[in-house]
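We begin with a single chain expressed as structure tokens, specifically the form predicted alone.
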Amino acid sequence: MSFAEYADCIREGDVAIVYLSHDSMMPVKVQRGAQTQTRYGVIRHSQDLIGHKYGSKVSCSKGWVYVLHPTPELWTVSLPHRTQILYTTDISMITMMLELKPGSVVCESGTGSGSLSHAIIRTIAPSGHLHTVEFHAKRAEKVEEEFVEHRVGHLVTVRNQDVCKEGFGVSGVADAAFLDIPSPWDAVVHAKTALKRQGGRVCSFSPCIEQVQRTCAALTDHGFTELCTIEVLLQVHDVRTVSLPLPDFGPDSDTNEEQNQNQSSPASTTTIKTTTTPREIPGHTGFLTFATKPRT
């Protein structure tokens, strides 16, 4: 099992995602002889998990669960939160606008809980590399352990340092850089240093518009072009069935009265599928500012 490659069967040492419901999932480290308690009963790793295929339905004493192959999307909704994280709505926009692809080299700061990091690694695998910087020592140590546990450690280098003072630890190798720190304007010069001479893309995530203004000013001062700030708001439409009355237009003027009387009357209602917007939607998460380093 790897977050960057698919495997059919569950093996000892894998991290599997136990699906309890649409909004309730939990990661489980598969170990021979171990057990995991859920609200539907106990899962015995040796009998219920090891050797079974991913996607299998596991029966418990009070119900059943599914065991899913881990993906960055499932990890985002089930990971242990050490910091605020980015969710798939913003992550998908970041990977697209940074033009990431297999073989890309990416610099990231800060790592946090590793939500975006896993998505980047899956996108740039198998020949790319992620250089990620985390200021907090314990968080850097923990996320590095998770990368090894998820068998993507060879695709990422974790550094515990202050990106605003020490940079990313690399120079002229990155295709893209991502900043998720309180003062991204202080790290713009280091992002420029890390990007290749042929140019590259940079993205900054900030919750406040004042941060965006200072970051845009710093990007302009350092020669970045094509500045663009985006706010992504997710609105899910609910599909439902409704009945609507059919209008009565009266008798047909082109036919005589006898024919109109003989015609069967149409049904008074019709059933159709439609979508409705929810009464409440998730609000603002942050602003994504993108820019391009031109070729030098």
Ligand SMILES: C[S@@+](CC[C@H](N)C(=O)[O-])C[C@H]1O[C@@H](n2cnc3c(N)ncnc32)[C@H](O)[C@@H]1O
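Just so we're clear, the structure is a prediction, and the values are computed from it rather than from any experiment. Residue positions are given as counts along the sequence shown, with the first one as 1.
Here the subject shifts to the form predicted together with the named molecule, a form of this protein not shown in this document.
Student: Quick one: the named molecule borrowed from its pose in the model of the complex and superimposed here by the pocket C-alphas, is it open or blocked (3 or more atoms within 2.4 Å of backbone/C-beta)?
Tutor: The pocket is open.
Student: Pick the stretch from 195-203, 220-228, 169-177, 131-139 whose residues have a heavy atom within 4.5 Å of the named molecule in the model of the complex.
Tutor: Comparing against the named molecule in the model of the complex, the contact stretch is 131-139.
Student: Please tell me which of Val106, Val163, Ile121, Val188 lies within 4.5 Å of the named molecule in the model of the complex, judged by heavy atoms.
Tutor: Partner contact (heavy atom, 4.5 Å) among the options: Val163.
Student: Though only this chain appears here, would Pro182 touch the named molecule in the model of the complex if you measure heavy atom gaps against 4.5 Å?
Tutor: Judged by the heavy-atom cut-off of 4.5 Å, Pro182 is in contact with the named molecule in the model of the complex.
Student: Quick check on Leu86: any heavy atom within 4.5 Å of the named molecule in the model of the complex?
Tutor: So Leu86 counts as contacting the named molecule.
Student: Considering only heavy atoms, tell me if Thr215 and the named molecule come within 4.5 Å of each other in the model of the complex.
Tutor: Output for Thr215 is no: heavy atoms all beyond 4.5 Å of the named molecule.
Student: Does Val156 make contact with the named molecule in the model of the complex, using a 4.5 Å heavy atom cut-off?
Tutor: Heavy-atom contact with the named molecule at 4.5 Å: absent for Val156.
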